[in-house]
Every structure is written in structure tokens, then in C-alpha cells.
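Before any questions on binding or motion, here is one chain by itself as C-alpha cells, the form predicted alone.
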Amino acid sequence: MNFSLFLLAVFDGIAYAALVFMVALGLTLIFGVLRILNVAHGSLYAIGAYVTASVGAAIFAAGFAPFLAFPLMLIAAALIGVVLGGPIEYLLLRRIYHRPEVLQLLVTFAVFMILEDVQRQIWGTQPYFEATALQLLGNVQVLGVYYTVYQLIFLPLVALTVLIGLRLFLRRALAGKLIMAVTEDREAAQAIGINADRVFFLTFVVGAALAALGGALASPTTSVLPGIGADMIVLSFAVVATAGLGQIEGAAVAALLIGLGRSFAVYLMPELQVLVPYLIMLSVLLIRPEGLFGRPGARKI
């Protein structure tokens, strides 16, 4: 591998890690608070990508300014978080919090399958692609290698901003402190008057919006087609398991590790690109079953 290919692999890995991190962050946030592994997270990612690509194509064809591509991503993510995430938590998940984990997993998988069919009914099977945001920012030259500003600078900056913003929200804002209190001890939090149901609702909406934002950010860089949600949720589970369930900062490190591993595999061993992220996860879990940043603890009964 020459130096140019090495740089390309690093840049690809960073850009991909930023997207995976956005989805894994919502997944680990939901698990950390609700203690539910939300398989439907992958469909929220896909719907975020579909909505951004289809609505963007329509409004830009109508003559609207190209810079609207960026606020459109945020608006689409927020709407999906509220319109889909809210009802899923309120109408469905709230009924199974105290049920066995297997049932919770099956229910979220059922939601995933339903949303996959909804996508096919609305958008069909033809790929969508809308790259206005990517084209608007242009390219940059780094050590003789040209790369898109959107993937090299914008995506990592958004991921870093979301990470810092979420951490500050959890530590400084009243709503964030309530979420942390319920996470540490739900019974004690309820005993002092905290409404755990509202905390769960807010957490799930935020987590769903993060998944949709990941899809919205990915839409200018790839074709949006059926199956992208399944691919992303499996990879996000690998990131969350590698970092340790419920570890927010750890998810960023794990996403970077897996993103770079996958990227170098593409350039060096393309036939192993699908396998490498899970080999990384397996290697970590064999040494630290609780993940890189997880802490073993006694389970409350």
C-alpha cells in the first residue's frame, strides 16, 4: 500500500466511523436508560436517509437554494424522532419494560420488519441519491490526495459536536440530570418524584432522532436503497458491544476503530471487509467481555 492509498483508507475510515457513531450513539443511549436493545434503530436510520434524499431532490428540483440541504437533515431527523420514535415508545415499548429481554428483542425486531416493508411501500426498490450537500462543500487536497470536505471535515465535526452536546446535556441540563438519575436507579428516582415514563419517552425520541440523523448525513454519500438499515444496525451493535453497553464516549472510540479496520480491509483484503468489524469486536470481547469501556457490575433483582 502506497502513501496515497494509506491516506484514502484513513479518510474513508474516519468518514464511515462518523456515520456509524451517530447511529451507535442513539442505540447506546437508549440501552443505557431503557435497558432495551432496539433493533428497529436500523429502520429509523434508513427512513432518515430516504426522507432526506427524496425531499431534498424535490425541493431542489423546484428551485430552492442548495444550502437548505443542511437544515433539511436536522429537520428530517427531528421529525422522525418525534413522529416515529415517540409513538413506538409510548404505544409499544412502555408495555414491555418489565418483560423478559427475549420478548423485548422480538418486539423491536418486529417493528424493524414492519418499517422495512413501509419503506418499500413508500419509496419502492429503486435507489435514491441526492448529493447537493456533498457537492456544495467541494473537495480539499491533503498531502496530494483529494477528498470531499463533506466526508473529511463536516461529518467528523457533526459527530464530535453531537458527542459533546449530548454529554453537556446529560451533565448540565435539568432534563439530562433526570435521565442520569433514572439510569442509575429507577426505583430511587421515582421515589423522589421523578416521572420515569417521561424520561424514557424523551430518551427514546432523542435516540431515534440520532439514528435518523445518521441516515440523513449518509444520504449524500451513498445510494439509499432497501437493506441499508439492516447493514447499519448490525454494524452499530458491533460498535456498542465493542465499547461496552451504555458507554457514550466509548462508542466514539469503538466506531473509529471499526471504521478504520473496515476501511483498510477494503483496500488490502476486500473479501474480508464485511468480516473485519466483527473480528475486532470478537477480539475485544474475548479479552474484556464487558467491552473496552464497560464495567462489570452486579445485576439488580
Partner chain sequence: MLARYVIPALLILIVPLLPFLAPWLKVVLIIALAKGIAVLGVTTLLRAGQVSFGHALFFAIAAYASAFLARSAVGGEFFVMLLLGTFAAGLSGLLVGLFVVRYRGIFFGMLNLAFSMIFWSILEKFYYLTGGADGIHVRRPTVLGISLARAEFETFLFYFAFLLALLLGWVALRFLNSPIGHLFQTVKTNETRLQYLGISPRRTLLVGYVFSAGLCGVGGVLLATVQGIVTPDYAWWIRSGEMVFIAVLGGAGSVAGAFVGALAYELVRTYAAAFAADIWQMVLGAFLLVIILFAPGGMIGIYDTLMRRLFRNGGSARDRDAESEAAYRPAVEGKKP
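Because the structure is predicted, anything quoted here is derived from the model rather than measured. Residue numbers count along the first chain shown, from 1.
Beyond the structure shown, there is the form predicted in complex with the partner chain, which is absent from this document and is the topic of what follows.
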Find out whether any non-hydrogen atom of residue 234 is located within 4.5 angstroms of the partner chain in the predicted complex, and reply yes or no.
yes
I'd like to know if residue 293 sits close to the partner chain in the predicted complex, meaning any non-hydrogen atom pair within 4.5 angstroms.
no
Indicate whether the partner chain has at least one heavy atom within 4.5 Å of a heavy atom of residue 109 in the predicted complex.
yes
Answer with yes or no whether residue 164 is in contact with the partner chain in the predicted complex, where contact means some heavy atom within 4.5 Å.
no
Within 4.5 Å, heavy atoms only, one stretch in 77 to 85, 156 to 164, 206 to 214, 118 to 126 touches the partner chain in the predicted complex. Which?
118 to 126
Could you pull out the residues of 75 to 99 that have any heavy atom within 4.5 Å of the partner chain in the predicted complex?
92, 95, 96, 98, 99
